[in-house]
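Two forms, one chain: they're shown below as structure tokens, one block per form, named structure 1 and structure 2.
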Structure 1
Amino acid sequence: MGFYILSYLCIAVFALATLYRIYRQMTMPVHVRWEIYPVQHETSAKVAYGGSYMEEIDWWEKKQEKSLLGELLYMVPEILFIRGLWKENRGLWWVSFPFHFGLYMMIATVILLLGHAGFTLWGSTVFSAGSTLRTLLDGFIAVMGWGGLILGNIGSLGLLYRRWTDAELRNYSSPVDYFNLLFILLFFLSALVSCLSGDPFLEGAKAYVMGLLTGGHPLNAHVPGRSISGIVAIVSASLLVAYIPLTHMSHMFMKYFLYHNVKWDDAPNRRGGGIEAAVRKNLNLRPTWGAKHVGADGQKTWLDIASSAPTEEKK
């Protein structure tokens, strides 16, 4: 039961940390525009060379053609295949891609395992032993799991090797960078050993996930006491789930905000619109910057300070 408690705690930390990170982004004050082109929600003709709506005469009189689909079509392969690295740093991509894709495959495996457990609990005949659905899902789990473990092991070993041997990377790496990679390698390696030692269809993982769904009920729960590698895999996976959103490795999903909320945030401020209202709110904040020329005293607002020139800019 201890393993389950650990897993639940880690999942709770993951959920809280992720929600907190996302909440923090959603509640940030509207910032000034700082987009960088190409902006992927532009029309495809403009995306091709990095153009913007500001290339149009009297652009403010026209409707901005914006395609969120364009963003997603760019973002999804970017996240899945790390296209940016493929283009700009191919050498590193060969190890970074298997590492990341291995992790994504593991996430997909967990989703499939949850599906498996869900169907089992449902108890319908469509998922009885030997049924097509079950055979298919078993197959997917095995392929996804093995694929993820192989890629993940190659990737984390490769990244460790690169970080250690490439002076350019080593010079900027701190102990925690190695720790993170070793931690992830520990999971991949232990899980691989576990599967290699007589569990090719990830039955242990299936049972464990089933146990997770049923609160560790003794009838369903899998106690990973049979092999050291199984214990290590479950403990390291649980801890990783909690650890990743607490570190810079959250870039796996926070990348969405870096792109969507900064690099591609080109929304113009229109009179009477939501951005204007948010900007007005910001202009009422009271800065405390200390340099003399700023003239902040903790009482004056940004509006006061920006209008502190002799003309009557204040509105």
Structure 2
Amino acid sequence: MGFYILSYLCIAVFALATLYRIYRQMTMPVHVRWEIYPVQHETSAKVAYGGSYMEEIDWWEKKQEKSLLGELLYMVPEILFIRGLWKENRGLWWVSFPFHFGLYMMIATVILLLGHAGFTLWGSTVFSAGSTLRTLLDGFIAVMGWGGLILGNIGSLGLLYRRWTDAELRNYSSPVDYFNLLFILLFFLSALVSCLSGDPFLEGAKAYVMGLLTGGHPLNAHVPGRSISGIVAIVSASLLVAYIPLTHMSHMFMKYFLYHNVKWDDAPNRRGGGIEAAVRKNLNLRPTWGAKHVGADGQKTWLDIASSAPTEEKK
């Protein structure tokens, strides 16, 4: 039962940390407006040549037509396939893509495992042993699980190698970057060893997820952690669930806010509106930036700094 208690605690930490991150994101001071166009939710025909509705006279007085589908068509390939890295750094993409896609496949595997446990608990004849639905779901779990583990191990080892051997990457790689990769590699490697040592169809994972949903009553009286690799896989997976939202790795799901609420926030700043009030509030903040040319000493407000003449750099 100790393994299940650990998993429950880690899931609770994940939920609380994620909710807190979202709360912090939604209550942070208004961001600096990017005003880079076209934005992906714009439906204007001008988007085809890189223009925007801002070319129109008195555009702020007209109703804006937006499409969430346009944003998703951009975000999904970027998040799943790291399209930006493919364009800008093809060499790094070859190790970064399997790492990230391996993680996504493992997330999909967990969702499939939950579905498997749910159907089993439902007890429908549609999901009885040998049924088409059960066979298909078992097959998907095996394919996604093995694919995720193989890609995850390749990507983790590849990224570690690149950070150790690439001078540019090594210059800005902190100890925590190596720790994160080694931590994730520990899970991928231990889970792969568990599958290779006699569990090709992830029956242990199915039993463990069933135990999570039933308070410690797994399938077929399966006892979790029968092998050292199984123990390491369960413990490392549980701890990763709690650890990821506490670190910058949470960008895998917080990217939505960067795109939707920051990069593509094109709501007009109307006089007397909420954005104007938020900007005025920001101008009264007293920054303490270390850059000397900014002159942020903790006493001057942003309004003071922005309205003062720049100082000449002493040589």
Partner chain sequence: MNKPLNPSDLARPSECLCHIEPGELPPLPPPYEDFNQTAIPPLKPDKIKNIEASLDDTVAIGIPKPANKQEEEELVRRFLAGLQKLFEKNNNWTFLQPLMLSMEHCAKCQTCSDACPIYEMSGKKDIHRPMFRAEVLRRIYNKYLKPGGKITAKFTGDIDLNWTTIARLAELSYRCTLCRRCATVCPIGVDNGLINHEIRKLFSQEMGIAPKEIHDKGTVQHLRVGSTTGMTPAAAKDSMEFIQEEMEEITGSKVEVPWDVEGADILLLHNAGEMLAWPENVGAFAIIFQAAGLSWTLSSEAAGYDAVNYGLWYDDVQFSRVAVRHADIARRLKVKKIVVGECGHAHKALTVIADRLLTGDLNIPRESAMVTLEEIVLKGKIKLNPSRNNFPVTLHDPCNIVRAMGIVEPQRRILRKIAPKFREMTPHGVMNYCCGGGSGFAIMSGYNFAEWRNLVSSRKKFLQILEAFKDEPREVPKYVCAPCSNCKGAIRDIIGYYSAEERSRLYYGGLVELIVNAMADMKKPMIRFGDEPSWTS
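Bear in mind the structure is a predicted one, so any value in this text is a computation, not a measurement. Note that the rigid core is defined as the largest set of C-alphas that superpose within 1.5 Å between two forms. Residue indices: 1-based, along structure 1.
Asks: For this pair of chain forms, which number matches the form predicted on its own?
Replies: Only structure 2 matches the form predicted on its own.
Asks: Kindly check if the Cα atom of N269 is displaced 2 angstroms or more between structure 1 and structure 2 relative to the superposed rigid core.
Replies: Yes, shifts by 2 Å or more.
Asks: Aligning on the core only, does the CA of M252 end up 2 angstroms or more away between structure 1 and structure 2?
Replies: False for M252: its C-alpha shift is below 2 Å.
Asks: Quick one: core overlaid, is T18 moving 2 Å or more at the Cα between structure 1 and structure 2?
Replies: It does not reach a 2 Å shift.
Asks: Could the core-superposed CA displacement of M28 between structure 1 and structure 2 be given in angstrom, to one decimal?
Replies: With the cores aligned, its C-alpha sits 3.0 Å away.
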